[in-house]
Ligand SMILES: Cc1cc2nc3c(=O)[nH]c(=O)nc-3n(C[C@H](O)[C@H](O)[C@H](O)COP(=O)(O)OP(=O)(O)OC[C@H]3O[C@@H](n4cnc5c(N)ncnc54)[C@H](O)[C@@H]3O)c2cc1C
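A single chain comes next, written as structure tokens; it is the form predicted alone.
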């Protein structure tokens, strides 16, 4: 592990001994694939069960990875992060909704985030998913070039209006906003919405950031396309770089429909593409949120900042990790003066389940994630015991 991130006293100084122990046992359990499967089944069942079991879930897995069921519930966590120089990115994660009422509710939650961020400088970005604002099926049909029915056309208009309302409200309030990436069969439509917003608002400053998943083999070319468009249309491109969140889903769909998967065939290729994208973005002056739990990529970004004379507190460049994971990166970066943030998911526990399942599976499938977290937690527990 890099010496940049091995100070566990800094990494876990926001956690009590009780919180450390709870995290230790949670990650230990998540390190066993079979237990993870049983655990996710247990959560689904428990949410239909008595209140006592729901409290257990909320005080363990939910508490580790989510800030609260409502935005006000997150304020204590935001304040604690801010105390150590870490920004928050509140993220309304209720997923899988299909009604217009649910889509409007998601929009209102993001607008509430924007209003709070306008008053609270410790909130680094507002963020949203386009599928939280409208039908994924309509987005898919739109991208495929299929003729939309009258009802689908109306739905598409509503999606555009909600996206525009969020972004215009954010810019007016002086809050930067990120659009999350999604599956490849709807991503082109999402990109077009993001590019249109950048053209309108990213004139003197990068207000709008689009997410690039570098596990896609076409992403290096897409990044260059964005830069060329920015030069031609005179706007500042803003990008959040991540590795990618839908690998199994992408590969499964490609196999079922008999087309070549858009995902690199090896993790090594994804890692290389990610670090090359960092180099490209710094060299081309692309405003950047570096979303990664990979220590090597963070070190690469730091070297590139120095190479390109980018100061550690430059507001166009920040690092971000998920709440509940990789505190050794986030808090040590903040301690060294870099702009570091935590994605802080919030939303009703029942509606947040897809997000929690992804976190559990991510720790199970990402090489060494649970063991790395465990090693650091054990180190800090020993340090506290000895001191």
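All of these numbers come straight from a predicted model, not from anything done at the bench. Residue numbers count along the first chain shown, from 1.
What follows is about the form predicted in complex with the named molecule, which we do not show.
S.K.: Picking from 316 to 324, 56 to 64, 346 to 354, 331 to 339, which part of the chain touches the named molecule in the model of the complex when contact means heavy atoms within 4.5 Å?
M.R.: Answer to the contact question: 316 to 324.
S.K.: Please pick, from 256, 266, 101, 260, the one residue with any non-hydrogen atom lying within 4.5 angstroms of the named molecule in the model of the complex.
M.R.: Flagged contact: 266.
S.K.: Just to confirm, with a 4.5 Å cut-off on non-hydrogen atoms, which of 240, 227, 162, 142 contacts the named molecule in the model of the complex?
M.R.: Looking at the other structure, the residue within range turns out to be 240.
S.K.: Please determine whether each residue of 211, 270 and 291 possesses a non-hydrogen atom within 4.5 angstroms of the named molecule in the model of the complex.
M.R.: Yes: 211, 270 and 291 each sit within 4.5 Å of the named molecule in the model of the complex.
S.K.: I'd like to check something about residue 181: if you look in the model of the complex, is any of its heavy atoms closer than or equal to 4.5 Å to a heavy atom of the named molecule?
M.R.: Output for residue 181 is yes: heavy atoms within 4.5 Å of the named molecule.
S.K.: Can you tell me if residue 246 lies within 4.5 angstroms of the named molecule in the model of the complex, counting non-hydrogen atoms only?
M.R.: It does: once the named molecule is placed as it appears in the model of the complex, residue 246 has a heavy atom within 4.5 Å of it.
S.K.: How about residue 215: is it within 4.5 Å of the named molecule in the model of the complex, going by heavy atoms?
M.R.: Yes, residue 215 lies within 4.5 Å of the named molecule in the model of the complex.
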